[in-house]
Each structure stands twice: as structure tokens, then as C-alpha cells.
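Take a look at this single chain in C-alpha cells; it is the form predicted alone.
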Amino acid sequence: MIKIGLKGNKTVYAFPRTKKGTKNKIQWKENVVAYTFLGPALLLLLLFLIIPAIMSVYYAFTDYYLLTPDIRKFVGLDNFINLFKDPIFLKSLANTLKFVVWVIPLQIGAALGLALLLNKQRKANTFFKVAYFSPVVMSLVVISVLWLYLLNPNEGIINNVLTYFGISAQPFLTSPKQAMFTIVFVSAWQGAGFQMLIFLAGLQNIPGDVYEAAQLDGMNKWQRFVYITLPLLKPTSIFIFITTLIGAFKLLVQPMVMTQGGPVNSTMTVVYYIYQTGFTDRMVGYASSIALLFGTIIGLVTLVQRKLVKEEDD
């Protein structure tokens, strides 16, 4: 802004005019700077996500075998038709849905419970926060190996404790009936610490005077939890639900390390089956068709979930 003169007793100012060419030049420089920062991330996204996704869609309609990539041919929908006749794929799909249905309430419930415990001012709160969060920063492979020793049917600590209390030793990972539930428990234990911190941040953002007013109105602790805490935690809960749902569908490491999909394919998940089909059996075309179908299912689940949440908000 520059001074251009006096009008009566007042000083008159005006903004300097910018030429159109100068303005375009400044905007062009800003765009260059922005794309310079975005460039590496966009390049990685293109190389490791977009191009592989496009290639996977193409391979899903071919009989691509990893050792003979040059003689692949287009097979149309044959891979997808064979999928619905494949008992291992159908079993892996059922196992994945079973894992999702069980792990989400268990993991989110545990995270919310821990957050409520730590939300009150107590001694050693910091220690417990670190203790509950520490499994999250550990490698899933390390955690899986650790639980393999703990759950050993013959020499594991857990069976020794059960036997001490008069309970017979359990097969855990070696039983088709118990293996998936054991993996559900281990996964919930490993992941609950992350959601606990997010819930804790949400709880600490709730104003204390809201609870004080409710207490003056005669609400007990349970009523304050139901009518104040849960509604005000809804945005946090939706975020946690979505991230946990996506993570649950991607289950791979725990069954790969702990059971190799067994016993009797009782812990075979879709992602693990994609890995086995594509890299162990080298049937890239068939594995791509599984990935495409499974991605479509997850996309539909996400759309339904978003629609339900939006309707509730409206």
C-alpha cells in the first residue's frame, strides 16, 4: 500500500497495481514450488500403487504364470468363475469375515476401556500408557513368535498356568476350532494400544463442566457415560472403526507366522491366500483375480459404512 496524496485532512492510500504478466509469473513459481514438494510422493504413489493396481486388473483376466510371463493369454472371466469353485478361497473369505466380526468389537472395546481407566488422574498413568502402547511399536513377526512360545500346547506358560488352576491344557493354535479365536485375541492385544491413545485424546477434549452439570442434574456414572461420553466420542469412534476395519481385512502376518494358514485352512485369510497363490504357486493371473474381487468387496463394505454414518449424521 502506498501513499498517493491528501483529500481534505485525510491521507489517501492505494494498493500498487500488479501487471497481469507479473501475477502469472508469481503464480507459476508458486505452482512449481508446490509440485516440487509433492513430486517425490506422487512418484512413489505412481510406482508402488497406481501402476501395480492397473497391472493387477489386467493380469486378473489372463492366465499369467510367473515362470512363463511371455506366453500369457487373455482368459476372460475364467479366473473369477474358478474362484467360486475354489474351496480354499471360499474358506479364506469366511475366515477373514469371521476375524473382522470378532476382532473389531474386542479391540475397540478393550481400547475404550483402557482409555477410560487412564483418563483419571492416577499415579503411574504414564507407565501404564507406555506398557499398553508398547505392543503397537513392536514388529508383528516378533509378537507372533513370542505368542507361539506362550501358547505352546506342551511347554507354554499359558497352559502351565491353566493346569495350575485345574483347567486342562488347551491346543490353541493346533485346533481348527480355537486357532482363529487365538489369532483374534493376539491381534486385539497387539493393536488396542493405538486406539487407546486416540480414545484418550478424545476423552480429554470433553469439557469437564459438562460432567459437572450432569452430576448436578442427578446423573449417575453409567448415565454420564451413555448420554455424554459416548455421543461426544462419536467422531473419534467412527475414525477408529474405519481404520480398524481396514486393518482387519488385511490380516496376513499372524496366520503366516503362527499357523501357516492351518490347521485345515482354519486360519487361511484372503490376503494370505493371495500371497500363496501369487508367490508360492506363481499363479499371478489367478492371484490378481482374487485381489480384484477382494478389493471390490472391501470397497462395497466401505461405501455401505460411509452411507450409514452419513445417514446417522443427517
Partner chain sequence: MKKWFLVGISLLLILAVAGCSKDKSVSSDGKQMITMWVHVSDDSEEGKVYKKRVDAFNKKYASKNVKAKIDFIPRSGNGGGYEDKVNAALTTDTLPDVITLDGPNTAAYAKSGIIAPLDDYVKDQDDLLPSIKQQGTYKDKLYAIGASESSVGIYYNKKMLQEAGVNLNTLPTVDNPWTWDQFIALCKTLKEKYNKPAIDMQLQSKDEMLTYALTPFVWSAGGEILSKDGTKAEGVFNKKPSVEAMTFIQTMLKEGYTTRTPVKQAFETEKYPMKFSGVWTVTDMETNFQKVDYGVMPYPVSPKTKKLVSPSGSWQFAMTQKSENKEWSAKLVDWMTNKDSNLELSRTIAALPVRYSSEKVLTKEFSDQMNVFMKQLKKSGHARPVTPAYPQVTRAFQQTIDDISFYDQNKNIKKVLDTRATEMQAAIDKANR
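Positions refer to the first chain, counted from 1. None of the values given here were measured: they were computed from a predicted structure.
Another form, the form predicted in complex with the partner chain, is not on view; read the next lines as being about it.
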Flag this candidate site as yes only if 259, 263 and 281 all have a heavy atom within 4.5 Å of the partner chain in the predicted complex; otherwise mark no. yes
Could you spot which one of 222, 239, 74, 149 gets a heavy atom to within 4.5 Å of the partner chain in the predicted complex? 149
Can you work out which of 53, 26, 246, 47 has a heavy atom no more than 4.5 Å from the partner chain in the predicted complex? 47
Partner contact for residue 154 in the predicted complex: the partner chain, 4.5 angstroms, heavy atom: yes
May I ask you to state whether residue 176 is within 4.5 Å of the partner chain in the predicted complex, using heavy atom distances? yes
Under a 4.5 Å heavy atom criterion, is residue 131 part of the interface with the partner chain in the predicted complex? no
Wondering, does residue 61 line up within 4.5 Å of the partner chain in the predicted complex on heavy atoms? no
At 4.5 Å, heavy atom to heavy atom, what parts of 35-62 sit next to the partner chain in the predicted complex? List them in sequence order, or say none. 35, 36, 43, 46, 47
